[in-house]
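Coming up is one lone chain in C-alpha cells, specifically the form predicted alone.
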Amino acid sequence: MQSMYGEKRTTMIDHGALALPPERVIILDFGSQYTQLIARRVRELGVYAEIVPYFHPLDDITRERPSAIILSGGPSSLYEDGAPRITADIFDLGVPVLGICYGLYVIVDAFKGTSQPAHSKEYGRATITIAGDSPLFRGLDAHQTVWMSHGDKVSAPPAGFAVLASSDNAETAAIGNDERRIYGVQFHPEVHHTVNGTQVLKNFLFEICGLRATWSMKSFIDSSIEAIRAEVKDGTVLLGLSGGVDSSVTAVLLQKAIGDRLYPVFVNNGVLRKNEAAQVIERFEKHLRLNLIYVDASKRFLKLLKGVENPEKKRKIIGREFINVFKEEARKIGSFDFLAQGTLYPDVIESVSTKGPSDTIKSHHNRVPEVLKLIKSGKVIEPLKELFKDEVRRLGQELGMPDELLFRHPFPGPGLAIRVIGEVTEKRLDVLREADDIFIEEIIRAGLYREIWQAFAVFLPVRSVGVMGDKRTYENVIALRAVTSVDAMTADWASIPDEVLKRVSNRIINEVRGVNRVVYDVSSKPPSTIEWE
C-alpha cells in the first residue's frame, strides 16, 4: 500500500481537517531519541511544534512559514561520509534557529566552522560555564547542570558566532549569532536532567523569537471543530470505536463538531477485558450520548482462533476479521462520506521515515484500502494526528471526559488473545479476565494505578502442583506484569509493595477457580518487551 505521504523522501504533511496556529516551530529531525521530547517541551510552553524529517524540502518549509526552526540531535557525526546535512538556504529564511547536539554541528558545518572527534566522550550530567550575556541564557547563573550525549567537539566555531558556554570536556558547549538569531547548544535542554533546560527553551521561544504562548487544548478544540465542520459540511463520518483513549476522545470531539452524523461502530471481538463491552455501551450510549452501533462478534472471532498458538497468527486473524465485521456493519448502516481514526502524532511521525535516504517510508499503519472503499470521498478525518498521548488526555479532560477512561492503561489491539499464551479458549479467557480484574482492582485500591504505565495478568500454558484444602491440585499459573515508563520505548518493572502483591496473589488463588500459582515478572524492556507476545 502506498503511503499517504507519497514515495520515499516526499514528506509534505497533509494536515487535513486541522486549523494550524499562525505561530509554530518546525523541528528538523536528524534521528535523535529525544526529538519527540523537544516537540512536547515546546508545546508545554504554549507554542505549537511540528516534527519533519531533516530532508523536508526547503520549498515546503518556506510555504509553511514557520516562526522558528529547531535542529534536533542525532546519532551521526558531521565528518563521517554520508552524514545528514541540510541546505544552508534554511538559514536565509530570516527565522530564528536553535541547533541541539547534532544540530549544533549542522550549524557549524553550514557556516564553515570545523568539528572533530573529542579526546573523551561526554555522556550524562555535566556542568557548563556560561560566558557573556546571551539572550539564550538570560536569567541563568554562570554554572549550569546539563545533560550531554556526544563524542565530538567543535574545534573551530564559524566566523560571526560567539562561544556562549563551555564545559570541562567541550570548550564550545554553545554558540550564537545574535544578529542572525542562530544558536547551537551541545547539551539537551529538552531532557529533565538539564536543570534549567526549560528556561533555555523559554528564552529561545519568547526572548529571541518573540512568540506568544497561545497553543492550548481549548484553542485546539475550537480550531479543530471549525476545521472538521468546514471539511465534513453536511456529510456523515464512520468511526471504529475500540473504547480506548484515542478513539474515545476522537469520538467525543467529532460529536461536538457534527453531532449524530457521526457513526461509531464498536465491535466485541471476544477477547476484551471483564465487563468491557457493557462498560463501553454504558459510557458512550448513556453518558456521552453517542450514536453507538454495537456488534457482538465474539463467537465469530473465537471460532477463528481455535487451535491457533502463534501470536502473529492471532494478530492477523483478529485484524483481518475486524475489517470484515466492520465492513459488513458499515454496509448495513448505509453510505458514508468520511472515515475517522484516532491516529496520534507518533503514528504520523513513524509513517514518514526520519532516518535517512536508505529507509523506506512506511505505509500508514491503519489505513486499510478495503475500508476506504466504503467512503464516498476516500478521505480520512484524523483530528488527533497532531497530538501526543499526554496531550490527548488533556484534550479529553477539556472535553469533560472521565479520568477513569482517559488514564486507563494501554490495551493491545489483539486484546487478551496475546495475553493467553498458547491456544485461546473461552475457559482460559474467563480465568484470565477474573485474575486481571483482581490485579487492577488491588493496584487501584493501593493508589498505584496512575504511577504504573501498564499492568495486566497473563495466562501461562503451564500447570503446577499445589495443595488446597489438604488436597493435591494440578492447576494453572498466572503471571502478573506491571511496568513504569514514559513512552513505552523503554520500561522498568514496577516495584509494587509486598503487601499488595501478597493480597493480589491470595485473592487470585482463592477466588479464581483453576489457578494455584501466581508469579511476578521482574524483567525490564529491553531486553524483554512489555507484553509477553
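All residue numbers refer to positions in the sequence shown, first residue = 1. Small disclaimer: the values here were computed from a predicted structure and weren't measured.
Just so it is clear, the following notes concern the form predicted in complex with xanthosine-5'-monophosphate (XMP), a form of the same protein that is not shown.
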Worksheet item: Does Gln454 reach xanthosine-5'-monophosphate (XMP) in the predicted complex if we count a contact as any heavy atom within 4.5 Å?
Response: yes
Worksheet item: Any of the heavy atoms of Arg315 lying within 4.5 Å of xanthosine-5'-monophosphate (XMP) in the predicted complex?
Response: yes
Item to complete: Spell out, yes or no, whether the shortest heavy atom distance between Gly74 and xanthosine-5'-monophosphate (XMP) in the predicted complex is within 4.5 Å.
Response: no
Fill in: Contact label in the predicted complex: Ala488 to xanthosine-5'-monophosphate (XMP), heavy atom within 4.5 Å
yes
Item to complete: Within 4.5 Å of xanthosine-5'-monophosphate (XMP) in the predicted complex, counting heavy atoms only, one of 151 to 159, 408 to 416, 380 to 388, 192 to 200 shows up; tell me which.
Response: 408 to 416
Item to complete: Using the arrangement in the predicted complex, list in sequence order the residues of 510 to 530 with any heavy atom within 4.5 angstroms of xanthosine-5'-monophosphate (XMP).
Response: Lys525, Thr529, Ile530
